[in-house]
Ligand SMILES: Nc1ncnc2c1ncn2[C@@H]1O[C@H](COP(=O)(O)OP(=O)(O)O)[C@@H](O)[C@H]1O
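Next up: just one chain, as structure tokens, the form predicted on its own.
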């Protein structure tokens, strides 16, 4: 979907307004902490139904307000669509598409697709495995409804199991085998699709990284599933291996009060020139690796859906040297792109906006 306009009411610090976007590049400039990232977050939320940083929806509502609105008008398959999301301080969320209420997330999933690259993404290389898993999950939940459903089921069962383990209520221990069977079946889908996605991501990211580094850096990404699991096996065999692992860890989990085994503990190995990027990568190499992964993600979306996702670049181009910035700009001449920056010399043609204290003003326009 190409977004034509965005409307905000009480969303973060953004003043109530409606803005018209370029179908190519829209650039938002201004000083730090003026609301530029909040514009990107509105599109990210339309895609994922999650904030950019892990947290609660109520944190997206302007302080003191009871609700917030994001409304987007876009085109897909030659038709115009209006998406309306209302967030309430009580935690409730109402979604409608073309005036029709969305009752199941599966009926909405995939309406808007995006890829985000922000400065915090540099932590993907060297920080906790949860960040790398989240990166994969955000992409796959947009690309595969089956994955989103399985991951949601897995996380729900995991929460229930952990509650029993944490409270150490022996009267409920009989439920642990039920949770284990469900976790194995849902986890098998998660593991299988994660492996396929990581293989595609590695192949595409390798090409981008070699071009970005002028052949100096070779990038690869290897998926690390739970021990004893072959992620290339059939879903039945993966589920059986997970069930065995879950059973073998149960006594230790009862002592620890939490689930110690399963795809919620998966990781990715990011390798540069065959060495662990987490241990050996320089800051420049880490930036190249993450940027390569994000541009590769964009290509995977194109191959799977036939169109580019909306690319969201949050104040990252200014951190690149001239050659890398030129490379990125050459790669984003197709599809819709929304960029934030403290300076306005990033791009040429497009629609430009300035932000100050949440107020958005059009500074120039054009395609």
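None of these values were measured; they are calculated from a predicted model. Residue numbers count along the first chain shown, from 1.
Omitted here: the form predicted together with the named molecule. The next part is about that form.
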Within 4.5 Å of the named molecule in the predicted bound form by heavy atoms, the stretch out of 30-38, 317-325, 297-305, 330-338 is 30-38
> Does the named molecule come within 4.5 Å of any heavy atom of residue 60 in the predicted bound form?
Replying inline: yes
Partner proximity in the predicted bound form: residue 13 to the named molecule, non-hydrogen atom cutoff 4.5 Å: yes
Near the named molecule in the predicted bound form, with a heavy atom at 4.5 Å or closer, the residues from 84-113 are none
